[in-house]
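Quick setup: one chain, the form predicted alone, written in structure tokens, and binding and motion questions come after.
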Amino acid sequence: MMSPAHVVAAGALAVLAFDLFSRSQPSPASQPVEGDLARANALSGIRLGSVAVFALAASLAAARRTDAMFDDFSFFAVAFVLLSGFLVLSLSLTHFGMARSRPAEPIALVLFSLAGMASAIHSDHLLGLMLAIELAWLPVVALISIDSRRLSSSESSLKAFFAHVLASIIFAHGVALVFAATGSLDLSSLSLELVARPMLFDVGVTLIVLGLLARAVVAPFHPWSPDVHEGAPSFVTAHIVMALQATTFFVLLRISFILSPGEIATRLTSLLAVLGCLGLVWGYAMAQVQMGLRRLVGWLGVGQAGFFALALVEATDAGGPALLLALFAAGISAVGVLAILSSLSHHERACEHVGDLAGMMQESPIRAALLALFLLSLGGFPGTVGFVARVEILSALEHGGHRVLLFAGLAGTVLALTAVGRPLLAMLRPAADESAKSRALSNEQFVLALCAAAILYFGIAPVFRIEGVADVLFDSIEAAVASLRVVR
């Protein structure tokens, strides 16, 4: 039976095949009109996107059937990645509708990246994990530079490529050292308590973890992330912040349960605590002074990654479920913000700076309210799922006796709410001129509705004890972490 990764990869090939056989050869005398080209690309994007969505649904069904390969954690993680792929594909229709590129290649690259993520999530071999991560990342590097008309897009792609190369080198050296110490490339070799060369083993495990942290936008490996937010199309950035970053933390969480308790596990916990606090301070402090909206969101993501690292400090206890909930909360909040910015930037990226939000409350009150909701969820404001996830992480730290990390998390929350307050205040100011305003397209409205409903429902349901879909999510998270404890 085909694995989910194979199904998604087959979907990518099907998208390319459909596009190849559906192309019509234009007559030499005909000259394409920009409006007609945009309409043709949008329609083609809908057709090929439907094929991609069918591949995602088939992949989810394959994950549910392959019980021998997929435990509850793998199924939850793969379902999360496929859900993010659905949102990304929906948001990508805006890019194709603006006639900035043909849809076949970007959709296929997204699917190939998702296939790599699905492989990485359930991989039990270090070499296979390394190849799966490469498959997940290399298409994204190409996607970042897909808007060839903008120099910042190519610059961001180059920075992401060098960051990817650095992380790959660190990870590959770690795998080599672990193999030299244990003679095995199985992921389970990380749990060995007695090895022939303990020093090589400790250094190798540390490098493997650092190689993953370098991909997860954890400080100090983060400088490329705000640049990518600024230069990449919105759907590509959404793919990075929701699916790609989450996949890295899924792998880190699995490794945290595989590592045997001992000196190396204690050292890695201390490393995660230091890097998590560094990311909180660095990310949220830099978000205070950003004038560009996309860079502000990028720096908020750096601070959020610091919270994820702190959750890994107590990964084998309450931090594991808190991390999974936080990844879900941060992902849908960031996608919602990016969908709003995409809807405001149809006229050659007209909404770039915080000051460009002036008059938004009067011109488009619904989108202004949604943007406020998404930003407040990123900052951890009560009533949102971001608040629930942040409370879970801080509670895990408090129960683990990490009082210093608890205070760091509280201080980071204050800084985050201060940073998101600037664009909220900007929306209340009157507009300085009557510049052209963009309305949200149908696909953007769909993404916004889904993200807003999830943020409000999962933020309110635990407070008022509303049963239903919220119980399904929380029970799935508990079952996923419980399956990792069984392996441990």
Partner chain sequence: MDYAEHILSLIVALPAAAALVLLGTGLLLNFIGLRSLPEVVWRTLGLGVTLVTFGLVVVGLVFGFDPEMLGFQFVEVVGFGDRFGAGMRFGIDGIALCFMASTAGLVPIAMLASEREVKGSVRSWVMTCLFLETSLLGLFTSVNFLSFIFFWATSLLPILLWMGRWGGLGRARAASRMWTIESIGLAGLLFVAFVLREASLDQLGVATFDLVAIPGASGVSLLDVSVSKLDQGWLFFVLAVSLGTRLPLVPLHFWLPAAHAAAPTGLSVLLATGFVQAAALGILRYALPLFPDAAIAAGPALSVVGIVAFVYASLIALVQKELKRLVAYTCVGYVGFAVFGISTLNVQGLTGAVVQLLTHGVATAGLFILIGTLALRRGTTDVAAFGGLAKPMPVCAFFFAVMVFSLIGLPLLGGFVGDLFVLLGSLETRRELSVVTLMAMVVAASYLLWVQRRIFLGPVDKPGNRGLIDLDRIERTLLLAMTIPIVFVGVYPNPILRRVEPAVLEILNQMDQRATPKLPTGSEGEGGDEGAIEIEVVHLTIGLGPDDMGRRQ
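Predicted, not measured: the structure shown is a model, and the values here were computed from it. Numbering follows the first chain given and starts at 1.
Below, we refer to the form predicted together with its partner chain, which is not included among the displayed structures.
K.L.:
Work out which of the listed stretches, 245 to 253, 78 to 86, 376 to 384, 156 to 164, brings a heavy atom within 4.5 angstroms of its partner chain in the predicted bound form.
P.N.:
In the other structure, the partner sits against 376 to 384.
K.L.:
Might residue 410 be said to contact its partner chain in the predicted bound form, defining contact as any heavy atom within 4.5 Å?
P.N.:
Contact with its partner chain, yes.
K.L.:
Looking at the partner-bound form in the predicted bound form, is residue 362 within 4.5 Å of its partner chain by any heavy atom?
P.N.:
Residue-level check for residue 362: yes, a contact with its partner chain.
K.L.:
Using a 4.5 Å heavy atom cut-off, state whether residue 398 contacts its partner chain in the predicted bound form.
P.N.:
Residue 398 belongs to the contact set for its partner chain.
K.L.:
Even though its partner chain is not shown here, does residue 417 get within 4.5 Å of it in the predicted bound form, heavy atoms only?
P.N.:
Because a heavy atom of residue 417 falls inside 4.5 Å of its partner chain in the predicted bound form, the answer is yes.
K.L.:
With its partner chain left out of view, which of 392, 147, 356, 230 would have a heavy atom within 4.5 Å of it in the predicted bound form?
P.N.:
In short, 392.
K.L.:
If you check 259, 130, 406, 212 against its partner chain in the predicted bound form, which one has a heavy atom within 4.5 Å?
P.N.:
Of 259, 130, 406, 212, the residue with a heavy atom within 4.5 Å of its partner chain in the predicted bound form is 406.
K.L.:
I have 197, 198 and 205 flagged as a candidate spot, so tell me whether each of them has a non-hydrogen atom within 4.5 Å of its partner chain in the predicted bound form.
P.N.:
No, because 197, 198 and 205 lack any heavy atom that approaches its partner chain to within 4.5 Å in the predicted bound form.
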